[in-house]
Structures are given as structure tokens and as C-alpha cells.
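Only one chain is given next, in C-alpha cells, and it is the form predicted alone.
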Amino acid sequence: MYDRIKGFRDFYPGEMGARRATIDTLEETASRYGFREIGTPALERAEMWTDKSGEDIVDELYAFEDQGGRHVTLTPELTPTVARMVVAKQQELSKPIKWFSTRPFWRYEQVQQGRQREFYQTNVDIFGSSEPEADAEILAWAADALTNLGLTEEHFEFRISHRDILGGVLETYDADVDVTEAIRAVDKSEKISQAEYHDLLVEAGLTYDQAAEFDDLIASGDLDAVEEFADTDRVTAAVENLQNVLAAAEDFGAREHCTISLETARGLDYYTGVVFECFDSTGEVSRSIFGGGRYDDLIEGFGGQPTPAVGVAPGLAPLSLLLQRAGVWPDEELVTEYYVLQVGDTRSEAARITRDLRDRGHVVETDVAGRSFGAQLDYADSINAGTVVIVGEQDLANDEVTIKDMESGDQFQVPIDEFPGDRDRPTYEDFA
């Protein structure tokens, strides 16, 4: 017997049905916004990640040398892939480019609740617009997708910030500050103690007094105080941009879900502007549900023309935790509208009825295992069939079939030429 590999999951029909319903809602909402679906490869050149983040990142990848001697990896995220795709056809694509996709990714990291080594995300991105409305549309899509899944403002919040506010404030200190490392420390601040956080800021170049001052200023979320403290064009422009995004989000119906949180930094270095993360409002799901933001320099970094970009990527595993906590995870119970039960040599007529019902768009099963009447009825019950259509030799001799309601157990004989007839979804109630 073979064991499943750690960090990878099996999904049986009930859970897979709930996952499919969730994915369908995310994608249908994206389609209504005009995002177009793309397909992307599972395997990419590892250099797409090592060139940007260094060779150390290989420890987090499923990377190997293929038979052609290429250093390749299973893709750990989508953003570099879509950046490559944009660069490849940049002159042909109408802008703004609005794409989405749902697919698996792979990272060799510690397995924990809501995080596996193989995980699924729905990525939604806009390329070619630097306007605040593009950021706001990403926020609006995320809010609409979550509310379409049954959540309300009581269940989730978007914590929103701006990378240039953090970077601009850090640059005002009279010290040799490694801004990138300091922002990474901010990104970790809610997961570690305050002392550990301050230690990381000191390692990045601040003094302990400056680290405490910076912590207090950022934690306040007071944009006026931050702008006054920094007194630089960079911070002033970033504050104005964040306020403009929030104003657009108000018009787009997403502002009620947004909270200014300057401690939200996003760990990936390619973020350049507004960033946000989605959290469970109650705190019961302790980790971020998903995040996103603006990455205006990435396309140029992949050899393309300067192209602003903004996106978001809900992960299905943490999102399912939120939906379950809120009590709106799709029902995992299997549902079958009809089971066509055969008794004796009735396959031809049973198959005709089965086809007619399927043509009407219903989930229909019939016997493919040569089982007895009782075994077929037990199976129909196990797949939660609502109606059983009994096609028996004796009934057919009388030009009838029997319709059985599985909930009540009641049944009724119906002329065969009346079933399914012109009814879209005929049941026992239509004939009794």
C-alpha cells in the first residue's frame, strides 16, 4: 500500500464538490468583471525565481534538472509566469490586460493548518493601468467574490497599506537602513513578539529607540501623522495614492471592507504600491486568508516595456477555513436528482428515460453493475437520489413506469408516454 506524500491532499467527491462550487463562484465573479481566463504551465525555468531572489530560494522550490539539462521547477506562484506571458505578446495585447486562472502551485515548506506543499489559488490581475481605479477594482472583485460565497462584512476585512509609506518613513531616519529587510520585518510583526520585531528592525539598521518610534507611528495608522513625520514627497504621494484608492473603492462598493493597516507589508519584494491582506474579522482564523497588491516594476524586470500591474490571489485552503468558520462552506453532501432502476430486460427503455432526463440538465444515474432490485435501491439511497424511476418488465407490459419519492417512500405508476413528457423536472408530486 502506498502512502500519500506529505503536504499533498486527496479530495473525495463530497469535498471536491464543495471546492468546485467555491472555485466556480470566484471565477464567475471574475468573468462578470471582464477578466479572461488563461492557462499556464506547471513547469517553469527555475531562474525565473533564483535570478530575483537568489539561490537560497531553491530550498523552497520543487526544483530539479530535467532530461534536457535545464534547471526547472514546479511553479510556486503565478506572478512571474503571467509577467513572462505579458512580455511575450506585449505589443499584441489590448490594455488593460485583465486575466484570471485557478490552478495548483507547489512550495517545499512546513505543512500547517491551511497550508500544504501543493495548494490551489485563483489569481486575478490587471496589467497596463496605474490608476487608483485598477487597485479598487481588484478590491471590489475580492469583496464581491466573498459576498457571493455567502460572507458578509462581519466575516472578513481587508487590511490595506502602501509600500512607499513604509519605505519612505524608513528612509527619513538618519541611519544606514536596509529598507527591504525592515519591510520584511514589518510583514512578520504580527507573527512574532514585539521584542523580536524590534530586534529585526535593529538588524535592518535602526536603533532600538528608532525601532520603537517607527513601530508606534506605523501601528497608529494615522496617515496625517505619518505624512507630517516623514515630510517627504515620496510619503506624501503614497498617502495621496492610498486615499485615492480608498475613494475609488467607496464608489465600487468595497470601502466598507477596508481598514487602513500600515503594518500590512506583504513579504514579496516585487510589491511597489498599495498592498492588502484579507483576514477573518473574528480572528478565529489566525493567518491571512489571502493578499494582493501592486507590482509595477515586474514586467520591466522580465524584459518588457514598463507596465503597471496589480493583482490578488485567494488560496482555496485558507479561504475554505473562513467559509467553514462562517458556516457558508458549500454542502458536501452528494445530490442526484434521479436514479433509473432497471428490473429484468428493460435496458433499452431505461436508457431512453435516462438520456431524456440528462438532456434536461439533471444528474441521473442508472445501473451499470447488474445489481438486484434491492441493491439498486440501496445504492440510490446512498447517492441521495431524490426520485427513483423504476423501469420493470411488468410495468412496461402495462405501458407504465413507477415513480418513487425517496424522502417519503411513496410511489405511483405513470403511463410511460407521459414520462418525462414535456415536464422539465417531473417528480412523484406531478403524478400522485
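One-based numbering along the sequence shown. Small disclaimer: the values here were computed from a predicted structure and weren't measured.
Here the subject shifts to the form predicted in complex with a further copy of the same chain, a form of this protein not shown in this document.
> Among 150 to 158, 132 to 140, 281 to 289, 183 to 191, which stretch sits within 4.5 Å of a further copy of the same chain in the predicted complex, heavy atoms only?
Replying inline: Careful reading of the contacts points to 132 to 140.
>> When a further copy of the same chain is placed as it is in the predicted complex, are 38, 61 and 364 each within 4.5 Å of it, taking any non-hydrogen atom of the residue?
In response: Yes, all three are in contact.
>> If we define contact as a non-hydrogen atom of the residue within 4.5 angstroms of the partner, is residue 51 a contact of a further copy of the same chain in the predicted complex?
In response: Although a further copy of the same chain is absent here, residue 51 would touch it in the predicted complex, with heavy atoms inside 4.5 Å.
>> Can you work out whether residue 20 and a further copy of the same chain are in contact in the predicted complex, taking contact to mean some heavy atom pair no more than 4.5 Å apart?
In response: Close contact exists here: in the predicted complex, residue 20 approaches a further copy of the same chain to within 4.5 Å, heavy atoms only.
> residue 348 near a further copy of the same chain in the predicted complex, any heavy atom under 4.5 Å?
Replying inline: Within the cut-off, so yes.
> Should residue 118 be counted as a contact of a further copy of the same chain in the predicted complex, where contact means heavy atoms within 4.5 Å?
Replying inline: Residue 118 belongs to the contact set for a further copy of the same chain.
> Tell me, which of 229, 329, 252, 270 has a heavy atom within 4.5 angstroms of a further copy of the same chain in the predicted complex?
Replying inline: It is 252 that has a heavy atom within 4.5 Å of the partner.
> a further copy of the same chain isn't shown here, but in the predicted complex which of 359, 209, 224, 196 has a heavy atom within 4.5 Å of it?
Replying inline: Selected residue: 359.
> Does anything in 1 to 19 come within 4.5 Å of a further copy of the same chain in the predicted complex by heavy atoms, and if so which residues, in order?
Replying inline: Contacting residues: 1, 2, 3, 4, 5, 6, 8, 9, 10, 11, 12, 13, 16.
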